[in-house]
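This document starts with one chain, in the form predicted alone, laid out as structure tokens.
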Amino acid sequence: MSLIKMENVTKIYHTGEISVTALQNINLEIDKGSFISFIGPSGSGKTTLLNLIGCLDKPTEGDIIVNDVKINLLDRKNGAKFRGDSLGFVFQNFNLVPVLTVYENVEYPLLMVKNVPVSERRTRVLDLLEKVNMLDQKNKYPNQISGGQKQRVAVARALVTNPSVVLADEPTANLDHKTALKVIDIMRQMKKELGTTFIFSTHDPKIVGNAEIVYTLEDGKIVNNKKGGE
């Protein structure tokens, strides 16, 4: 059964009298527990696609169903609640809060979007920090750790709410080769252990090589899909 469905999805941006079609008639199904990558040149629609699945934007036409919820019909308040309950995000620039420790950064989504008791919060945070090999760094601040360590913290933060889907936009772009491979391996392990669906927008061949299915976008259309490694 599909976790995500996109049915005849089109996204058009309007700036004054100029219209730009970012996505055109996208039809797509993604199963639970998938490790999926979207690739394509800049401007092909990859980030727009992630933003629509992430309930950060709405399609101009078509329906997007995630976890049996037609998210394009949600208002802003319910869209925010859905994001908090069901989605995690990993960004190219880490987006950690500089005044919070590693532990507090991972805990932050639980404080913001879920009424989780203190003891359970602590258990979840420590468990994930151990899984991403950052437990010994829990009291440090973002400016005291490396880029690779920041991205591990970002992965833990994305997973702490037990989301169905993690959306990762160029998550390895600022990492060296060896560190990028470590972060990818951590995400693959989380997918295996937790059954989380990972969806990437990327130019990184290391992610593409690890993906189960790779979708190629050009000019807002899916022009190809193939199994990873092909």
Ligand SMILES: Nc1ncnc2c1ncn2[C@@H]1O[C@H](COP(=O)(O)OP(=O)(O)OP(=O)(O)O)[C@@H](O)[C@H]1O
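All residue numbers are counted from 1 along the displayed sequence. Predicted model, so just to flag it, every value in this text is computed and none were measured.
If you look for the form predicted in complex with this ligand, you will not find it shown, but the lines that follow are about it.
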query: Contact label in the model of the complex: Gly54 to this ligand, heavy atom within 4.5 Å; finding: no
query: Contact test in the model of the complex: Glu170 vs this ligand, heavy atoms, 4.5 Å; finding: yes
query: 4.5 Å heavy atom contact, Pro205 to this ligand in the model of the complex; finding: no
query: Contact of Gly45 with this ligand in the model of the complex (heavy atom, 4.5 Å); finding: yes
query: Single option in Val214, Ala22, Val9, Ile222 placed near this ligand in the model of the complex, where near means a heavy atom within 4.5 Å; finding: Ala22
query: Stretch in contact, per heavy atom within 4.5 angstroms of this ligand in the model of the complex, of 59 to 67, 174 to 182, 188 to 196, 35 to 43; finding: 35 to 43
